[in-house]
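This document opens with one chain alone, in structure tokens, the form predicted alone.
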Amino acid sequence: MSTKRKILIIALPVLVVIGLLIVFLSQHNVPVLTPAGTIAAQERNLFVFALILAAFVVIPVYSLTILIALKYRESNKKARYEPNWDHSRVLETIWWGIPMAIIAVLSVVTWTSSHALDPYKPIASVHSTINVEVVSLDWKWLFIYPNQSVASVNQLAIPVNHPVHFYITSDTVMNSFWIPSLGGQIYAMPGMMTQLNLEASKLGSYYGSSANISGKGFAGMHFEALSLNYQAFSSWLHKLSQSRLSLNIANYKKLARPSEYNPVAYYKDPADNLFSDIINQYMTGAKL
């Protein structure tokens, strides 16, 4: 078999896979690869960097696997038989040196990115930070805006280019809060509070969901995340403040009952310390 034919046999499957991947990405919107937020953009860059770095191992390994299988097949009588060959300084340097270099690079990147993308780390900005308290329920999401005295169900609105500090808990089983276009997920757990800092850099409507299976209604446990200009965000808050429903304890208990594919709902005047009381009931046994 000629050298050109061997190269073609090795390269063709790789080119086919790359071509199919390009076609798929051109026809489908993959949120983690089309970020709309500052954190998501950094995470996308980290993902692409790790993928390219991995390609330095994956492509040679699979290419050599195919090449060796072709060259040393039983029917190839031209292959050299060297039963006493057992060492090559060049090859040893390559297959030990390259992985060691990749691990060294990954360790530096992991260390720096872990600190730079710490979900608890506030985002520096000239704009004010919006605080949102998030409660996962069966099977819906409750968003409380403590400084604006409003709340919403299955719809989150944030002003574009403003940092948003989420305080997250659960009043049911463990869930996972995730807006792929804006950043990575973080768990929502009963009796605990986690935090997440995100910022939208583009106007739009983005998909949010639970990334952790949580029972019968999990498939419908998603929400809309709206990135609005500040004027539109203020109008949205005003609409919530005009709601006929107040999020007092009685209405919250009704809301907390299991329901599937819950429609968007708006509330005004959340009960004082509602978010803290939801957490503390698991810590002290005190009921809402």
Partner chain sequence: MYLANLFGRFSGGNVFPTSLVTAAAAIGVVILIIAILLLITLTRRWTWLWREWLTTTNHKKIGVMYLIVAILMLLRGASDAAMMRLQQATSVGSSHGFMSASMFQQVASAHGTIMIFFAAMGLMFGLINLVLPLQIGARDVAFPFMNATSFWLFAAGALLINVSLGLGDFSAAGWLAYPPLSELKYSPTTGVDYWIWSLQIAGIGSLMSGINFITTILKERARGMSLMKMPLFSWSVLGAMVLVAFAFPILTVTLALLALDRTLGTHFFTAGGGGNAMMYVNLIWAWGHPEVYILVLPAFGIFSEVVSTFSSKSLFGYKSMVWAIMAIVVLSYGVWLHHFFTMGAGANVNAVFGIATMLIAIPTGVKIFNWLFTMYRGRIRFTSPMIWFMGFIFLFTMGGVAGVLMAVPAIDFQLHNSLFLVAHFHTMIVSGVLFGYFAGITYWFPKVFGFRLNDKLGKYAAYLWIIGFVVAFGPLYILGLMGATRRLDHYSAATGWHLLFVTAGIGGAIIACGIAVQFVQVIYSIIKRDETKDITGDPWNGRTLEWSTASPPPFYNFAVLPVVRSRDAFWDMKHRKDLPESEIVALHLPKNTPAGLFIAVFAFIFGFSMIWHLWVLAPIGLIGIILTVLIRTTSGEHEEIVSVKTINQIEASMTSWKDYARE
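Numbering follows the first chain given and starts at 1. Nothing here was measured: the structure is a model prediction, and the numbers come from that model. We call the rigid core the largest set of C-alpha positions that still match within 1.5 Å between the two forms.
Keep in mind that the form predicted together with the partner chain is missing from the display, and what follows is about it.
Contact annotation for Pro180: at least one heavy atom lies within 4.5 Å of the partner chain in the predicted bound form. At a distance threshold of 4.5 angstroms between non-hydrogen atoms, Pro146 is out of contact with the partner chain in the predicted bound form. When contacts are judged by a 4.5 Å heavy atom cut-off, Tyr261 counts as touching the partner chain in the predicted bound form. Taking the partner from the other structure, the partner chain in the predicted bound form has a heavy atom within 4.5 Å of a heavy atom of Met189. Partner contacts here mean any heavy atom within 4.5 Å of the partner chain in the predicted bound form, and among 147 to 155, 90 to 98, 127 to 135, 161 to 169 they occur only in 90 to 98. When contacts are defined as a non-hydrogen atom within 4.5 Å, all of Val32, Leu106 and Ser113 contact the partner chain in the predicted bound form. Although the partner chain is not shown here, in the predicted bound form the stretch 49 to 81 places heavy atoms of Ala50, Leu51, Ala54, Val58, Val61, Tyr62, Leu64, Thr65, Ile66, Ile68, Ala69, Tyr72, Arg73, Glu74, Asn76, Lys77, Ala79, Arg80, Tyr81 within 4.5 Å of it, in sequence order.
With the core superposed, Glu82 shows a C-alpha displacement of at least 2 Å between this form and the one not shown. In a rigid-core overlay of the protein, Val17 has its C-alpha displaced by at least 2 Å between this form and the one not shown.
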